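The chain below stands alone and is given in structure tokens; this is the form predicted alone.
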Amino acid sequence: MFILAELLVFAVFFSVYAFTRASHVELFNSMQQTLDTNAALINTLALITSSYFVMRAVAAIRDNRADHSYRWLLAAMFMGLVFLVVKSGEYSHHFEHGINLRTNLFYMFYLSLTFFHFMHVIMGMVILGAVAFKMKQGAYSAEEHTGVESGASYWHMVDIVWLVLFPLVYIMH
């Protein structure tokens, strides 16, 4: 239910963005040109890769290979860290140029949407870290791995949201 509620919040946010964009097409198109699509592409690849790693962690624990599952979770968290570092670089660049929530409608949405997602990446990493910690303590096995699957589901939600957010904000004109 929590994941569905999170998806609903993002869906509302995306809908408001789309309706506002439809009323300010020129502004949104011109401001999109100021974004770093290479950084966004790196972040997309980082999150897709991290979701693959999380999927491998679930498969490993189902095979009762907790040691492998643990390493896959750490690899996923590392890719989450890559996302955070790259996104922080983008934010730093914008803030150095005086861009903030009050700059214009586009940047209000861009910063709000991407920061909301950024916070979900952090939460996802905390969840994966908690799962990895419990795994190291022997809490999961092939018979009992619901926590691993739950953590993986949250992480995949974060990834799916980015796969909508990336084209919506960076690419679509």
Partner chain sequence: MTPDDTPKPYRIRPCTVVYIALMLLTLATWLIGKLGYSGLQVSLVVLGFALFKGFLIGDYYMGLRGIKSIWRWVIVLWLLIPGILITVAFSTAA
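Residue numbers count along the first chain shown, from 1. Since we're looking at a predicted model, the values are computed, not measured.
What comes next is about the form predicted in complex with the partner chain, which does not appear here.
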Inset, instruction - Spot the stretch among 103-111, 136-144, 119-127, 31-39 with residues whose non-hydrogen atoms come within 4.5 Å of the partner chain in the predicted complex. - result: 31-39
Inset, instruction - Consider H68 of the chain shown here, and say whether it contacts the partner chain in the predicted complex, taking contact as heavy atoms within 4.5 Å. - result: no
Inset, instruction - Please run the contact check for V58 against the partner chain in the predicted complex: heavy atoms, 4.5 angstroms, yes or no? - result: yes
Inset, instruction - Flag N64 as yes or no: does it have a non-hydrogen atom within 4.5 angstroms of any non-hydrogen atom of the partner chain in the predicted complex? - result: no
Inset, instruction - May I ask you to state whether Y52 is within 4.5 Å of the partner chain in the predicted complex, using heavy atom distances? - result: yes
Legend entry - the partner chain in the predicted complex reached by all of A75, M77 and A132, non-hydrogen atom within 4.5 Å: no
Inset, instruction - Sequence order please: the residues of 149-173 with a heavy atom within 4.5 Å of the partner chain in the predicted complex. - result: S153, H156, D159, I160, V161, L163, V164, F166, P167, L168, I171, M172, H173
